[in-house]
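This document contains two forms of one protein chain, each encoded as structure tokens and listed individually as structure 1 and structure 2.
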Structure 1
């Protein structure tokens, strides 16, 4: 679905990403981890064509991209409902109105939430609205930039379960930036580590090791017991 070759992104003389090459098969989940400033969001923006880069980013000819940003500020006084937001995108894409109800169901948005002003939605509800917005147009690739960064743990877990469910039901390809390594361990097929050194990539069991994480974050990681696999899994918040 995605092939990246010798990607380099510079801001002035500062190289944010350098020599990055990878492939992502269709219907798999790639998780991107790394310390702040390592280029995770920059990589997503390069994939979306929002920042200049050298090298090659090649999507499959049939790729249709959806994007959920890390944060969008909503003014409490803005008279804009979730339904208004979705209808505006549907008109722009020339999508039928029934698709709005379909993506609302997929994102678990009730009729009441659809008609609620965006500024009055909870953090978890607003993230679901952004997911519904991303789903309009029937994408087969979803890019998520820390989609639960401002949520409490319960809301965060529900959003990740929703993303995983969408992937399983429709075979979507997911590219996910996350600091929650327990989520990465559970849901990712491959993990890309970005840091000041050479990027590395591999399955979660190979990448999420104490030695690798201490090198990546320059600090020891905390661990908890993963009940399903009955093994220690690192977690960083």
Structure 2
């Protein structure tokens, strides 16, 4: 579905990503992990063509991308409701209006939230609005930056169920950026570690080893040492 060859992204003279090559087959889930500032979000933005890059990023013909950003610097005083936004996207993409109700249901946006101004939504509600926005237009690839950063536990579970069902039932290709290693372990077919050194990639079982994580985050990973009684340990964000 996606093929990246020798990708390089520079901000000024600083190379954020360098010599990155990978393939993501359709209906698979790629998780991107790495410390802050390692270029995870930049990589997603490059895939979407939002930042200039050199090298090649090729999507299969017929790829429709949905994007859920980590945060949106939306102006809280805009007189826009979720519905306004979804309607604007539906009209722009020439999609039928009924799709709005469908994606709202999937993202668990109630009718009341749909008609609330974006500035009045809580962090978690806003996240749901972003998910609904991304799902509108029937994407077959979902790029998801920190899916659960601002959700409470219950909604978090719900988002994972949603991701899972999207992948299982609709054969959606997923690209996740996540700090939540348990999520990565559960969902990812492949894991890409970005760090200051060479990026590494492989199935979760090979990548998520204590030694690897220690090198990646340059700190001992409490989560994985105590893996057998993980519920005692506060969740990593």
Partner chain sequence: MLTSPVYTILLALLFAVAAGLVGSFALMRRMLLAGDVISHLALPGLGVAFLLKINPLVGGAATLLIGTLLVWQLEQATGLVTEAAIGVVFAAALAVGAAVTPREDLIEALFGGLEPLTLAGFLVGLAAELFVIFFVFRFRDRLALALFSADLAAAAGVKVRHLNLYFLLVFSLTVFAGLRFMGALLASALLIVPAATGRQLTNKFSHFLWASSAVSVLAVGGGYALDKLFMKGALPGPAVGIVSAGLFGLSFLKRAAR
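The term rigid core refers to the maximal set of C-alpha atoms that superpose within 1.5 Å between the two forms. Just so it is clear, the model here is predicted, and its values are computed rather than measured. Positions refer to the first chain, counted from 1.
Between the two isolated copies of the chain, the form predicted on its own corresponds to structure 1. In the core-superposed comparison between structures 1 and 2, the C-alpha atom of residue 125 has shifted by at least 2 angstroms. After superposition on the rigid core, the Cα of residue 90 moves by less than 2 Å between structures 1 and 2. A displacement of less than 2 angstroms separates the C-alpha positions of residue 140 between structures 1 and 2, with the rigid core held in common. Core fit done between structures 1 and 2; CA of residue 115 shifted by 3.3 Å.
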